[in-house]
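Given next, in structure tokens, is a single chain: the form predicted on its own.
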Amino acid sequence: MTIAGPLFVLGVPLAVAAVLQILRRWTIISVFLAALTAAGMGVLLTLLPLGGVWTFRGLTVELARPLVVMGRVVQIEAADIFVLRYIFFTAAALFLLAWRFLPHSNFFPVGLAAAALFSGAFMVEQVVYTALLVVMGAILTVFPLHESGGAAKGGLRYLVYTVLALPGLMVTQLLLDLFMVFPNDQGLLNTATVLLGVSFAILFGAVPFQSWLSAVSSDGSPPVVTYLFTVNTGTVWFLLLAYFRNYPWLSQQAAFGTLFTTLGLVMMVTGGVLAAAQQRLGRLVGYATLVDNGAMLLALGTGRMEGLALAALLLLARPFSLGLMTLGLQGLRQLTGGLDDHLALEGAAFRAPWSTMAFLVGGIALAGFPLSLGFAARWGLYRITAMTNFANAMVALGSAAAVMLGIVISMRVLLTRPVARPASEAPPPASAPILKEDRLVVVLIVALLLVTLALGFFPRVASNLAVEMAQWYTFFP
């Protein structure tokens, strides 16, 4: 029996997701089945050449064989391999990180199904269907976002903004198709560019649509937030590149570089200022991510292949930094019954040293400071930006320093020793949570710390992958 590659890559995760929905009671089985399925898809896409054939007990999978669904061609192309590998490998790692924090969670079947939808989005030839599948996958990830408690404001806000971005993307597709028929109608291209910019500004959380980033990171479960900020955002990023690859005249407009450079700098400055003034660790994660999103758009605004490679490197570095940061955040929240403000977390470093270290190192990496893979990417971005505009490079560097200031202020609070209680004072109420750090979580933190530091010392492996990834998007002249 011969199966087309797209059917196998989509069908297996969706089938396993359906099984996981039934097995939610058994967390260990759910975690490892979801992680093995996602990692298996990533390994298959890594080891099997695009034109290769995989045979197992009479079942043959042809990776490059197209699948036709209702007249629409679904096919894996060479440029899609890197996107699919990023989606599946990142999802597999996040399933393992969520193991101890989300028992009996809907995150594992939903996350696997969303990864399948995101992957399918890049196998469809028509960009409009790509946008539709990306939005469907994004909406799906909202459901497990608030399973661990807390207000649902962040998920609802993300849901509203994501749905609002879809009409703009679909109308953009229509206008671009019309422009191909009437290439002299510059108004069609200008309108499409504006709609495309607004739609992706919403999806990236650009100013003034950044409120969903802080709301999600403040109210949502940290493992799911990490999935949303890495897999979802990474998929949106590649969707943007798909538009430029399919319609190369978009990137050849005179205002292309100015638009993305300005938008990226505004995002970085806004995120940096808000991060420096933030007194809740969850919101600090959201604003640091806003700065990182801005850095990726700033790299795209350079209009050079090197900038595109640096943006890809920033995307590859994010799962490690955000994974550490949110692992630490979840551990610290468990000490206070879900609170993450400075007042509640004063002196928490002495009760949860590993969670504190994870939050610190992850924050440093996300801010783009040594020793991390993010530093290699940010330093390259500052250099390439300074070649054309030194002031822009200094603004970008200052924004990263502002995020670092917010992390330092938070660490000062965490390391402040609690005031000693007089002997006559009543002890704290019995309801106050007194928890020890989970040993398995500590093992995960140590492993992620070692990988983060190793990539910081030896960034060439990741940088070579980023360059190879960028070479498939040759829309720059």
Partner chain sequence: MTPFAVWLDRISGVTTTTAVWGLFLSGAVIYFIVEWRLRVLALFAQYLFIGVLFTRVFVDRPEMSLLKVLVGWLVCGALFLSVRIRQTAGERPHFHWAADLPFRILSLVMMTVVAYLASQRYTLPFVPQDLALGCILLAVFALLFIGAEEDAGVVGVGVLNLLAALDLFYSAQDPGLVVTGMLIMVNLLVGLAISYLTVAEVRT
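Worth saying up front: this structure is predicted, and the values here are computed from it rather than measured. Numbering follows the first chain given and starts at 1.
The following text describes the form predicted in complex with the partner chain, which does not appear among the structures shown.
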- Any non-hydrogen atom of V142 within 4.5 angstroms of the partner chain in the predicted complex: yes
- Using a 4.5 Å heavy atom cut-off, state whether L239 contacts the partner chain in the predicted complex. no
- Contact flag, R72 vs the partner chain in the predicted complex, heavy atom cut 4.5 Å: yes
- Message: Quick check on Y129: any heavy atom within 4.5 Å of the partner chain in the predicted complex?
- Response: yes
- Item | Position in contact with the partner chain when the complex is considered in the predicted complex, options M387, L343, L174, V181, heavy atoms within 4.5 Å | L174
- Query: With the partner chain left out of view, which of V160, A78, A391, A255 would have a heavy atom within 4.5 Å of it in the predicted complex?
  - Reply: V160
- Message: Please determine whether each residue of M136, E147 and P167 possesses a non-hydrogen atom within 4.5 angstroms of the partner chain in the predicted complex.
- Response: yes
- Message: For the interface check, one of 331 to 339, 297 to 305, 152 to 160, 348 to 356 should have non-hydrogen atoms within 4.5 Å of the partner chain in the predicted complex; which one?
- Response: 152 to 160
